[in-house]
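In the block that follows, a single chain appears as structure tokens, in the form predicted on its own.
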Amino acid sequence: MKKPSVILAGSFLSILVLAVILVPVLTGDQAYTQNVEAILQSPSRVHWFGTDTLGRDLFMRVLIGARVSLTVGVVCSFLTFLIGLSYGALAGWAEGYVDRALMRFCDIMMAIPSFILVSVLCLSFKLLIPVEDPFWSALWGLCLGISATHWMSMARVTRGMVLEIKRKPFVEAAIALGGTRTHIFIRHILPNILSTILVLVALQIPTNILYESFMSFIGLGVHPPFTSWGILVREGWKTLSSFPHLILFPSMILFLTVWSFHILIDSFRR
């Protein structure tokens, strides 16, 4: 029997994903519609989360912001999976000088403060990506910047598991029978490490969501009129003492999302 916390977490994420997909489509551009007669209203039946400093519906803006935050979380996890798996598998399979060189570079990357590295990479990618739309430029800059600084742990875990499994009798037998390295890795090694790697990938999603929110909070993510949870928290921070609902609701949804991911991942792992 599933625990109540698992049911609650699964229900919340399911409702959130459906709301993010359906509500903005059904209601149009209410998240961006300014209304000077409804500025800074408290939560009500008309505006469930109240309105912001420009009279925009905060509930709709939270849902629109969820699109950015969830997209960055999932895309960064997938890119981290590809980079970390490829890098760690290469180091573990090659060993020798190649392994030592790859791991020393990994150690150097891990020694650099991640915040500084993410900030520099996000700004660099935003300038280098040939996309005219500032929203997509900022979004891809975030995804590439965060992914380029979060693959090291996955690479080290992958390397260790490859080193362990490649010495198993069934792998040695496959080598003796003349199997190619690609065939052996795909057929024998990858299935034995994939379950652990997928847990690490899933754990990266809430971490990346928090990182995206932090980067947007300090102004290195997407910029208004586009929004994300980090931008909403930053806007609410400015009026915390007078209108706490502006920071309370985005922060609450962000907390519940990260908590739900951790609860579900822990349940699947067990």
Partner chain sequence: MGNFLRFLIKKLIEILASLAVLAALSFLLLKVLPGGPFDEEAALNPLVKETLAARWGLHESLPTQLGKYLLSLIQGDLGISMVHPDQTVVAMIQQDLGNTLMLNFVALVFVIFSAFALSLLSLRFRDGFFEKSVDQLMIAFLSLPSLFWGPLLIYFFGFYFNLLPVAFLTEPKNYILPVLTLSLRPLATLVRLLKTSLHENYNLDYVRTAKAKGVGEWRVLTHHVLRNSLIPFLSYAGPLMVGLLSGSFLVEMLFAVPGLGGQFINALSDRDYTLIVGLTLFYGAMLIVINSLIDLVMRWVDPRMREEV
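Positions refer to the first chain, counted from 1. Definition used throughout: the rigid core is the maximal C-alpha set that superposes within 1.5 Å between two forms. Since the model is a prediction, treat every value here as computed from it, not as a measurement.
Just so you know, the form predicted together with the partner chain exists too; it's not on screen, but the next bit is about it.
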Could you tell me if F135 has a non-hydrogen atom within 4.5 Å of the partner chain in the predicted bound form?
no
Hey, in the predicted bound form, does W48 get a heavy atom within 4.5 angstroms of the partner chain?
no
Does S119 reach the partner chain in the predicted bound form if we count a contact as any heavy atom within 4.5 Å?
yes
Any chance L177 has a heavy atom within 4.5 Å of the partner chain in the predicted bound form?
no
Assert contact_stretch over 62-70, 35-43, 48-56, 232-240 against the partner chain in the predicted bound form, heavy atom within 4.5 Å, equals 232-240
Residue by residue through 85-120, which ones have a non-hydrogen atom no more than 4.5 angstroms from the partner chain in the predicted bound form?
R104, F105, I108, M110, A111, I112, P113, S114, F115, I116, S119, V120
Per-residue C-alpha change between the shown form and the other one, L198, threshold 2 Å, rigid core fit:
no
For G160, state whether the C-alpha moves by 2 Å or more between the shown form and the other one after rigid core superposition.
no
Did I112 shift 2 Å or more between the shown form and the other one, C-alpha, core superposed
yes
